[in-house]
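Quick setup: one chain, the form predicted on its own, written in structure tokens, and binding and motion questions come after.
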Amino acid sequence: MGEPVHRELIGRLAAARRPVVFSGAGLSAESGIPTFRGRVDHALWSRHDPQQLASIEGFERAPELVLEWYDWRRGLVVEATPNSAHVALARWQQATLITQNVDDLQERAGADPDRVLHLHGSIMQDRCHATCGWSMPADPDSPRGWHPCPECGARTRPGVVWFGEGLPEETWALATRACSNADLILVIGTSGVVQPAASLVELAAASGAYVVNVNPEATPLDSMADTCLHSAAGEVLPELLPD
């Protein structure tokens, strides 16, 4: 990125009045959390298809196995530390932070939880598998295993969105509103192929937002971006974003 482009982008980011950040797995990968479809260096879990485990069918077929997998994933999140990109984003107070990630690294970096929208839920929550609405924070130090819901007796499960499930309605409504009104959207660490989440970038662009795409490699989102930075977010965001 040349110096004139660098200065212009810093100015655009500082001047944005309704900025939105849309982040994916690449943001947390810089903290050592493996991407969902990436290689898993674990003797047990490398033998399982994550798309089969992260599904209603997988849970109903082998609930203990699915819960054990999520306990393992929660352990990875607990051991991870927010990286410099998380910290820079937390300091950008006027931005709405929309993420496909189910970890809590953005909040642990200091972001107000009220402005972090988890499209795919949170791995740090347990909830009822039925429709009663019960949920509670998960305790990674004391894995729950299978427990009946204290409200209705159904199975409890991780508070994430599985394949084939709809996104949380309230969160989706807030995200679409933010993108419809955005004057700038900063896209970080996502290929932009997971729908319907990726349609938010298209919505922001169609609404006139300036699109900045930050990803170490080229992605399909490059074609709609006004500025592409093929770099790690932790390397560029601390020097680009306003405090």
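For every residue, the number given is its place in the sequence shown, counted from 1. These numbers were taken from a predicted model, which means no experiment stands behind them.
One more form of this protein should be noted, the form predicted in complex with a small molecule, which is absent from this view; the next part is about it.
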{"property": "Which of 169 to 177, 149 to 157, 128 to 136, 95 to 103 sits within 4.5 Å of the small molecule in the predicted complex, heavy atom basis", "result": "95 to 103"}
{"property": "Interface residue in the predicted complex among 35, 181, 52, 199, criterion: non-hydrogen atom within 4.5 angstroms of the small molecule", "result": "35"}
{"property": "Residue 73 within 4.5 Å of the small molecule in the predicted complex, heavy atoms", "result": "yes"}
{"property": "Residue contact check: residue 21 to the small molecule in the predicted complex, 4.5 Å heavy atom", "result": "no"}
{"property": "Contact of residue 214 with the small molecule in the predicted complex (heavy atom, 4.5 Å)", "result": "yes"}
{"property": "4.5 angstroms heavy atom contact with the small molecule in the predicted complex for residue 223", "result": "no"}
